[in-house]
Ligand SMILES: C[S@@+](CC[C@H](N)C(=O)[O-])C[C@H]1O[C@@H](n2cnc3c(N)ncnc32)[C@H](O)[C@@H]1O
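Next comes just one chain, in structure tokens: the form predicted alone.
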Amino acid sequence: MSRTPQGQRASLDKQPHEVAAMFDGVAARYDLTNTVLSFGRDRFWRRATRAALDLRPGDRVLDVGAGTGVSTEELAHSGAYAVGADLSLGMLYAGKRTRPQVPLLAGDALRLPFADASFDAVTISFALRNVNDTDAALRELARVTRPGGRLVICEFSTPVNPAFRTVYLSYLMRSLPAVARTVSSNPDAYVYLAESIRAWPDQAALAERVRAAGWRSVAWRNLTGGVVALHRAIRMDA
């Protein structure tokens, strides 16, 4: 883990204790920082994730990498029972203070504390990129989902327009860390954010990994020109 006078950030080998400590350091102002850095698009991305899951009252949905529970709270608007899990205790404590009604618990995406086939749907938003074994995490998400259940991954991706992609990458590497210094409690974490987005597979490559992990009917939809992509899939029958 890298440390500076401003804070700490995880390295791209994404050791769980480093990732958890980094998010502990941004928890205090995490939701505000995300809204500022995304120009308010984070709210739209959460609504799009809920719509893609096609939740119904009575469904059980797991929100992995839930952080402060803002995404879990959005899922509950569908009438489903939504529970969030996250590796960072700092994020969970912040969520409990601001959203005491949202069920949040500590959980590692590689070892989820749930029985097989516990959920009708699972989702992970802006967190799969932070797991040090993506393929194992996708298999673990499949394990806790019932056969025929649904997966939605909301994650940063690759803008499809070349000119826009150039502008976006410049924003990531230059402007985003500078803006983060004005609003975040640990601005160095947003250097890691930019680096991890650049290293992340594009839409087609991630779809292949989802398919290989035990999911079928894999498809994706670009949001905000491909800055974010929603990958959807169905759990294969046992």
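What you see is a predicted model; the values in this text were computed from it and never measured. In case it trips you up, residue 1 is the first one in the sequence shown, and so on.
One more form of this protein, predicted in complex with the named molecule, exists but is not displayed; see below.
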{"property": "Heavy atom contact within 4.5 Å of the named molecule in the predicted bound form, the stretch among 144-152, 85-93, 162-170, 114-122", "result": "85-93"}
{"property": "Proximity of W215 to the named molecule in the predicted bound form, heavy atoms at 4.5 Å", "result": "no"}
{"property": "Close approach of S71 to the named molecule in the predicted bound form, 4.5 Å, heavy atom", "result": "yes"}
{"property": "Proximity of R50 to the named molecule in the predicted bound form, heavy atoms at 4.5 Å", "result": "no"}
{"property": "Contact label in the predicted bound form: L104 to the named molecule, heavy atom within 4.5 Å", "result": "no"}
{"property": "Those residues of 121-155 which, in the predicted bound form, come within 4.5 Å of the named molecule by heavy atom", "result": "S125, F126, A127, N130, V131"}
